[in-house]
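Okay, here we've got a single chain as structure tokens, the form predicted on its own, with questions on binding and movement later.
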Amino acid sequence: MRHHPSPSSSMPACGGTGRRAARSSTWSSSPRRSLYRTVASNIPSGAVGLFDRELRYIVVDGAGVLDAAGVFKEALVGKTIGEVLPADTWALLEPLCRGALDGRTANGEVPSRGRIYFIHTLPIPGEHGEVSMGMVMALDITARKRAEEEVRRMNEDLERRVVERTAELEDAYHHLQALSAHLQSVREQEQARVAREIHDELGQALTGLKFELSRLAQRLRGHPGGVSDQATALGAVVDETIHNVRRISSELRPAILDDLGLVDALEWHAEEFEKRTGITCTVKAPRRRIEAGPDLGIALFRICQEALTNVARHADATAVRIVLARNRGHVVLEVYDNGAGIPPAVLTSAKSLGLLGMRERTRAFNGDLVIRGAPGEGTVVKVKIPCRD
């Protein structure tokens, strides 16, 4: 129960049956009776009562009297409030009523007979300013409280379901992360296998073919029709094919990454990128080999590879700078270009599969990927991944 008293003037008054009857008679003929009736008529789901200093009802009105008191309003006049109310209800209501007789207004929520009422009590001054009686107004708020309880229950149920759904989504997200990391690993293993087979099987076969064509060209020298020159030309075609096989094999899985490490692999890829595109590409990395491990090493290499691919396709750049560093338990890879700058819409586009792949590779190692670009100022790709010393 909430009790909010506010002071008002108060003077002692004497009780007595005669005076009580006189007050009742005076009130009944008082012009304030119409005001009281007006108040009562505006509380259709509650009741209004006047009580004297002995806490006896002087007059009671309102459509909710029967529900609140359990008897008709006519039967309440002359009885004390405590007589007609349940003990637990009166225990809460009595302080409010006595506060009104002491000159204070008060509010509270009081249950009675299975319903809940908002109670407002206030002092009623007499002709000479003394507090001769009090008024209690009871508004039935049962429906509102039940609605509030239903809303509270629904909110709790909604919060519970949100928590459960969030947990399910987080669990699914972790499963997707694990699946993505597994697929990346499987793909890298498969690419490594294909690269070895291409290098070993196809490369050896082409090398043997080149050797036989060279011998055939020597044997056919002096023969009419220029057949020796044709064999030599076929040898040149085979040479170009061997070069392409090596390039494809290296792109599938650069052997240098496994043999010499991440720094040498990045330097080799930068040289190949510059030869292929004509874009100046430099690498800054520590002389000491960075022990990133095979999985992290290939992830960083692939991220750099994708960044350079985007530069070649979209940036219209003339220079690229790759920086690899070890900093406070993290491996940091940065790729700068001086091109047109990546548009903000591309960063959030679901069609940017290359960027999505870079984010997935970074997320698999609990790292951070930041891509910044501005028109005419180029683009920066920065990857920061935790790495134990």
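Residue numbers here begin at 1 and follow the sequence given. These numbers come from a predicted model, not from an experiment.
Keep in mind that the form predicted together with a small molecule is missing from the display, and what follows is about it.
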- Looking at Ile322, Leu355, Val332, Leu55, which has any heavy atom no more than 4.5 Å from the small molecule in the predicted complex? Leu355
- Query: the small molecule isn't shown here, but in the predicted complex which of Arg160, Arg288, His243, Arg313 has a heavy atom within 4.5 Å of it?
  - Reply: Arg313
- Quick one: which of 323-331, 46-54, 360-368, 336-344 gets within 4.5 Å of the small molecule in the predicted complex, going by heavy atoms? 336-344
- Task: Please check if Glu306 has a heavy atom lying within 4.5 Å of any heavy atom of the small molecule in the predicted complex.
- Result: yes
